[in-house]
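So this first bit is one chain, no partners, the form predicted alone, shown in structure tokens.
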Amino acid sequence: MEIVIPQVEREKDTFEVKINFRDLTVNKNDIELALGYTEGAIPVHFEEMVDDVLSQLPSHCEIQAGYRLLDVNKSDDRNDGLFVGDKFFKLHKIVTSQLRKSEKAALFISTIGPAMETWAKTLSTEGDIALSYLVDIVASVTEEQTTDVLQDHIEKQMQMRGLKITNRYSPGYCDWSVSEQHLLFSFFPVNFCGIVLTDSALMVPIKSVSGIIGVGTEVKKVNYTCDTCGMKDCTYRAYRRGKTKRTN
């Protein structure tokens, strides 16, 4: 896998990462699991629809990604969040417990662009609800795959500094309020990676991911504690479980 890293920093410790579509490995099994099927159990006609969407996927993706590396100012008397840079993120207990030993934090954002969303909306308007839903699911899985690649890149960059990373966590998950998207985006230049934030903290394009990764000498990646999260109908949960099964 080759990822081209632009040498110019837009801001101190702010990096854009160029990810090519060929760097992704969007797996049909991930789509099946996200749709609620067990591996290999998807109906034949639906499988053909998945194949068709996947064949058109490269022309509907405009990947952009980047991150900013900031110091974490520890506060031992707080168990509900961390100071990142000069601002306090109220991460709540699940995320805070995983990031507590971090010396730095990598705030990240990534997107596959608006084309898949537009395609799904067009299909819905035309009355093809099933295919619209499928395009939306494929887009979500593709964006998670994109963020996997970005996370792998950040991990390699930190390894060159003698540091390790944690899992990634995003606003809206693990009891971390989605409203803190505004705080996260305040650390990036306006329209960074082509993503803007609405007043209600919705990212545009919708198929985008933002979040935080802990960095330090004593941190580690662990299995996600999805069973302790109260979020229902989570695409990421199905995607993560599928990936775990294939790597074990």
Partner chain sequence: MDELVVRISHCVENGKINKASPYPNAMKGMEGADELTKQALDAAIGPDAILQACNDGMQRIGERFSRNEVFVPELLMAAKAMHAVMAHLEPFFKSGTVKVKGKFVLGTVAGDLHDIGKNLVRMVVEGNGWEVIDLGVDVKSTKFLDAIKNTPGCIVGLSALLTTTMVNMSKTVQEIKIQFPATKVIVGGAPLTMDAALKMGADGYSHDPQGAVTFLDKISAA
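Positions refer to the first chain, counted from 1. Please read these numbers as outputs of a predicted model, since none were measured by experiment.
Omitted here: the form predicted together with its partner chain. The next part is about that form.
Peer 1: Mind telling me which stretch in 54-62, 30-38, 183-191, 211-219 gets its heavy atoms within 4.5 Å of its partner chain in the predicted complex?
Peer 2: Flagged stretch: 30-38.
Peer 1: Ser124 near its partner chain in the predicted complex, any heavy atom under 4.5 Å?
Peer 2: It does: once its partner chain is placed as it appears in the predicted complex, Ser124 has a heavy atom within 4.5 Å of it.
Peer 1: Looking in the predicted complex, any heavy atom of Glu144 within 4.5 Å of its partner chain?
Peer 2: No - in the predicted complex, heavy atoms of Glu144 and its partner chain never come within 4.5 Å of each other.
Peer 1: Even though the partner isn't displayed, in the predicted complex is Asp128 close enough to its partner chain, meaning a heavy atom within 4.5 Å?
Peer 2: Yes, Asp128 lies within 4.5 Å of its partner chain in the predicted complex.
Peer 1: So in the predicted complex, is its partner chain close enough to Ile206 to count as touching (4.5 Å, heavy atoms)?
Peer 2: Output for Ile206 is yes: heavy atoms within 4.5 Å of its partner chain.
Peer 1: Any residue of 16-52 with a heavy atom within 4.5 Å of its partner chain in the predicted complex counts; write them all down in order.
Peer 2: Sequence-ordered list: Leu35, Gly36, Tyr37, Pro43, Val44, His45, Phe46.
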